[in-house]
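For reference, the chain that follows is the form predicted on its own, supplied as structure tokens.
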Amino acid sequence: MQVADFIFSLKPYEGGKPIDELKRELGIEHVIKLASNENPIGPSEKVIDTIKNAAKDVSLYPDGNAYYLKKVLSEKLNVDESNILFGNGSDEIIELLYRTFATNPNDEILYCFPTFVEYKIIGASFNKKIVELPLKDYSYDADALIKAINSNTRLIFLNIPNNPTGTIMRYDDVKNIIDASGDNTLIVIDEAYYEYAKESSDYPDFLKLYKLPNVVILRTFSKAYALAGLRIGYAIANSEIIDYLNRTRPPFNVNIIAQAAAMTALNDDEHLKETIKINELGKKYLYSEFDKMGIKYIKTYANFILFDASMDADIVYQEMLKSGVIIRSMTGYGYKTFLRVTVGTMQENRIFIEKLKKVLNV
């Protein structure tokens, strides 16, 4: 079967092994996963009940326009329904952005690296020229991005807070990038960790930028709302951009259960408050323990922490895995001695620190 030449250079995404399989392979009973920035307490009981009730309707096609969910979210955000689009996770919306707005052979994609790897993976699948600039002080470098913009720049991704560093950008820096971009350059502000970040008093309000003609804001239900397994995210932008994205969006892209669960999650303020509280307490505990151990770390606006083990990160990852704790090595991101750990429950955080002390012999 003939395929385009660039397909041969693509590598399929390799997910981690199921926890039960790791238990079997390693011969251990207990494994905690702190590698994927998932909500450690899971969805609320209200959401679980909603999922059970929605299951009876899975023989039906979902509402392609997500009418009821869109109504709830528009009221929550105080934006018009015409400014919202839902996707099968933010990943699908990123793909729609490529499909809709980066259609010419010479189009370039711009961002700072390391960052969310899907920008590159999806861009490569569309055979786009990927322009990666280095982070500055573990954050996006606004000045470098502005200098790199040219007439072929079609999409600029700003991951705020940035994964894997947990850092943010100042509002003025983002606005300067927007102002420096041409009419045909779309600025994508990816706020996957928004619910965690907004708890900090210095986190900017990027939502007020959504009406601009070249801005799209991405958010998700995967993180703080604990619906990663249902795959649902959304975009906020001016109605013209949303209209174009709807033209390339598959007709039934968000399933019935995901829509129902997201509606309940949006209205469950108590569970979100508990999620944020656990994350804030967990961050303070991990900061304190890292300080005691003399470990360098990057203060985060998200639900994960990037830290420097001062030795080969892959070795640390493997040793932690053997002890039943899954974290993420950052060697693939160019940080040879760094790892990323998701903030878990306090019990999980304590186990992580206990195992890490043994691995690092501190």
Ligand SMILES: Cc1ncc(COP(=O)(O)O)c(C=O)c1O
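Everything quoted here is computed from the prediction, not taken from an experiment. Numbers follow the displayed sequence, beginning with 1.
Omitted from view is the form predicted in complex with the ligand, to which the following refers.
> Would F116 count as a contact of the ligand in the predicted bound form, using a 4.5 angstroms cut-off between non-hydrogen atoms?
Replying inline: Within the cut-off, so yes.
> Any chance T165 has a heavy atom within 4.5 Å of the ligand in the predicted bound form?
Replying inline: Outside the cut-off, so no.
> Counting only non-hydrogen atoms and a 4.5 angstroms cut-off, does K129 reach the ligand in the predicted bound form?
Replying inline: No, no contact at 4.5 Å.
> Does I84 make contact with the ligand in the predicted bound form, using a 4.5 Å heavy atom cut-off?
Replying inline: It does not: once the ligand is placed as it appears in the predicted bound form, I84 has no heavy atom within 4.5 Å of it.
> Which pick from D91, D173, D107, D268 sits with a heavy atom within 4.5 Å of the ligand in the predicted bound form?
Replying inline: Comparing distances to the ligand in the predicted bound form, the residue within 4.5 Å is D91.
> Of these, R99, K198, K120, R231, which has a heavy atom no more than 4.5 Å from the ligand in the predicted bound form?
Replying inline: Exactly one residue meets the criterion: R231.
> Just one of 217-225, 201-209, 255-263, 69-77 has heavy atoms within 4.5 Å of the ligand in the predicted bound form; which?
Replying inline: Stretch 217-225 is the one.
> For 185-203: residues with a non-hydrogen atom within 4.5 angstroms of the ligand in the predicted bound form?
Replying inline: Stretch hits, in order: D190, A192, Y193.
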